[in-house]
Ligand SMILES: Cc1cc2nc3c(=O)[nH]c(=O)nc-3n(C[C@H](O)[C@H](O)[C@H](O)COP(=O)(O)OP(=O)(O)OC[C@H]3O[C@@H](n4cnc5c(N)ncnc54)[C@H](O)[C@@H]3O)c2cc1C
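Below sits a lone chain in structure tokens, taken as the form predicted alone.
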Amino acid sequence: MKNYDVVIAGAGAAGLYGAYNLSRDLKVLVIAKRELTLCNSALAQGGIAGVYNSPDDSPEFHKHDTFVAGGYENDPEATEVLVTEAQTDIGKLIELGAEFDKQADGDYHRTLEGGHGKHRIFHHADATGFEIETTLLRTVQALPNVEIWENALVCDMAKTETGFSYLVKMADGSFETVNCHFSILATGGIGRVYMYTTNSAIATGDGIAMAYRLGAEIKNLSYIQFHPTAFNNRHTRECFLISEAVRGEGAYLRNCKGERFMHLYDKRLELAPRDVVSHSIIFESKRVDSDEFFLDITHKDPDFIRGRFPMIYKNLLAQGIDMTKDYIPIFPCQHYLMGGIKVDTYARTDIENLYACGECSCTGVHGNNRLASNSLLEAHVFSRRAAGDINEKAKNAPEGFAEYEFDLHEGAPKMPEGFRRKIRKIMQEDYFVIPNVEGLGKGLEEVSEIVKTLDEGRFIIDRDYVEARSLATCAHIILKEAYAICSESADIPNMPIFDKPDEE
């Protein structure tokens, strides 16, 4: 048994920034599922959006763009918090040593991305997430009150009289039981529930599934964002993302004939929000009867491209594509989750002393479609607010720690193979960019059976079992929610708002 004031599940930007903002009087444990930089935060290319010393921009403009992208389903109070407090956290990241690109005059270079009406994205070339993640990691590793466990799998959690208990499987295969008064779930998204995703290997929805089993409210889990420009090599399930910023710098979308086509669907052309562009690609694929699509930035200066997108350039070159000369094969794939564990503006769930931050949470700021580069901002703003709330509550925390005894499934058989493949296939076929309304019911039935088998069955507690159970739980919630929406109306869920071109 190990006891801490606060346990944070997840070592991405939300988890680390939450740890940084906790009082130095609190004993804190951060649990990283895999190696410390393997997380979606580290993969974020575009940047962090926000108004910081920006005379031609304002939080009101930022809020307007966020609402438009989110189909006006955004939570007004949470969105106001997001855009007005952006300057606090961007300033703090700069103070901690995060290096954002600057112009020749010394001012920060702010780039433009789809859905933004102003240049407000702070970036470190095209590897902003990695810069922020490593900056926070250096900072938190130096804190004397914070312990970090690497390659530690959170298998389950339970509510106790004094807080929470976690069952953690360590790198050597042993189990540890960890108790705490306060818990922050910062476990990331659900990308691995799909056959193709831009997400890292850790994105299996573990935190969402555990919170659901504890009885926390899960909201809008069917609000899934499919990024329109994932690299399409037709071979790997983890798709390399071609950043929104490439279109922000003037890249064109082209179909199999080499023709631009966005003018057929939206006045904003390539700078329409992500869901609009993804839907447009699917519509265009049906019109031209092909799924071959390309991103073209060859009309820009080669030196500019190599300097602005060094990581993308290098990764594409390894695939035999020179983006200064060649079209980049792209197609939509799963990228982000707007829903999750429902929280308030202090990241509090409806379970006392349980908080959720980052992609696993549903603050409501994204509506039904996240505006580009708002995710890193959300992770920082609300994890800081969660830490501040915990700092106050911790003054009256219980003295001791209640213990919980987990069933370790000793002597149990290994989980049968095939569950994860079946879940991915169902999700890819029935709930991709435009949902397969006719297939949702059958898919839901099949996933429900998998959930029942994994919940009621007794299998060895290993990574395969824990992740398959999480993926099945999340897929079940997503399909159940989507099926209910489709059953109640003729509308297909999550259809974007198009700014349609004038009819000729």
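Counting begins at 1, following the sequence as shown. Being a predicted model, the structure only gives us computed values, none of them experimental.
Keep in mind the form predicted in complex with the ligand is missing from the figure; the text below concerns it.
Taking the partner from the other structure, the ligand in the predicted bound form has a heavy atom within 4.5 Å of a heavy atom of Arg34. When the ligand is considered in the predicted bound form, His116 lies well away from it, no heavy atom lying within 4.5 Å. Using a 4.5 angstroms limit between non-hydrogen atoms, Ser41 touches the ligand in the predicted bound form. Among residues of the shown chain, Gly12 is one whose heavy atoms approach the ligand to within 4.5 Å in the predicted bound form. Residues of just one listed stretch (199 to 207, 75 to 83, 216 to 224, 246 to 254) have heavy atoms within 4.5 Å of the ligand in the predicted bound form: 199 to 207. Only one of Ile184, Leu376, Met338, Val277 comes within 4.5 Å of the ligand in the predicted bound form through a heavy atom, and that residue is Leu376. This chain appears without its partner; in the predicted bound form, the one residue of Ala152, Ile297, Ala98, Leu271 with a heavy atom within 4.5 Å of the ligand is Ala152.
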